[in-house]
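Read the single chain below, which is given as C-alpha cells and is the form predicted alone.
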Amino acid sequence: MKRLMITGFAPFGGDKINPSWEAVSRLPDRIGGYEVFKCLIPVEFGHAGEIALEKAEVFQPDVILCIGQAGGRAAVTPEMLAVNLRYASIPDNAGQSPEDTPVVPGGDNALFATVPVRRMASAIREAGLPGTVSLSAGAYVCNDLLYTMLYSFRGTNVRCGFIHLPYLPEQAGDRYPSLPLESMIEALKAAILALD
C-alpha cells in the first residue's frame, strides 16, 4: 500500500477554525490504495515547511498533499504551481509579514505540482462538487509550504501538490461563497482517488 501524507493548517487571521484541518482530520485512514497520515501545520512562513519535512521524514510518503483555505473561492481548487515568493497581506501566526522575499534564495522562480492537477479537479467535478484548477497558490503560507515541498523533493519519486478549500458556511455568512464540511471531505477523497 502506498503512503499519503496530507496536511491541514491551523486557524489564522482571526478565524477560530480552518476548513483545511477540519476536513483533513476527518478523512479515513485509508483511501483507495493509500494509507493516510494526517498532519496539522502552523500558519507560519518557513516553520510550516520545516514541520512538514520533519513529518515526511517519519512517514516516508509516496505523495504529499497539502490542504489550505482560500476564503472567497467558490470551488475546491488543486494548485498548478508554487512561486518562489513570500508576501503577507496579513501577518502569519508568528507575526511575520515578509514583503517579496524568496522562499528559497536562488531557487527556481516557480515549480509545478507533481500530482495530476487537472485530473484531480475533474474527479472533484465528477463527484458532483465544485472543482477547478487554480494557477496560483498566492504568496502566503500555503504557497510557501507548497514551494518548500516541491523544492525539497525535486528529483525524487515523492509527488507533491496542494488543494485550496473555500470557507465553511459558518465562516462565510452571507458575504462569501462556502462549502459544507462533508462536501469538502468528499472532494478531497475524490482528488486522492485520482492520484493514480
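Residues carry their position along the shown sequence, with the first being 1. It should be emphasised that the depicted structure is a prediction, and the values quoted were computed from it without experimental measurement.
Note that the form predicted in complex with another copy of the chain isn't included here; everything after this is about it.
Under a 4.5 Å heavy atom criterion, is residue 138 part of the interface with another copy of the chain in the predicted bound form?
Looking in the predicted bound form, residue contacts with another copy of the chain include residue 138, since a heavy atom lies within 4.5 Å.
How about residue 109: is it within 4.5 Å of another copy of the chain in the predicted bound form, going by heavy atoms?
So residue 109 counts as contacting another copy of the chain.
When the contact criterion is heavy atoms within 4.5 Å, does residue 32 count as touching another copy of the chain in the predicted bound form?
Outside the cut-off, so no.
Since only the chain is shown here, I'm wondering whether residue 175 would be in contact with another copy of the chain in the predicted bound form (any heavy atom pair within 4.5 Å).
It does: once another copy of the chain is placed as it appears in the predicted bound form, residue 175 has a heavy atom within 4.5 Å of it.
Looking in the predicted bound form, is another copy of the chain within 4.5 angstroms of a heavy atom from every one of 3, 10 and 66?
Judged in the predicted bound form, none of 3, 10 and 66 sits within 4.5 Å of another copy of the chain.
Quick one: which of 53 to 61, 34 to 42, 153 to 161, 124 to 132 gets within 4.5 Å of another copy of the chain in the predicted bound form, going by heavy atoms?
Result for this chain: 124 to 132.
Using the arrangement in the predicted bound form, list in sequence order the residues of 66 to 101 with any heavy atom within 4.5 angstroms of another copy of the chain.
Heavy-atom contacts to another copy of the chain in the predicted bound form: 71, 74, 80, 81, 83, 84, 85, 87, 100.
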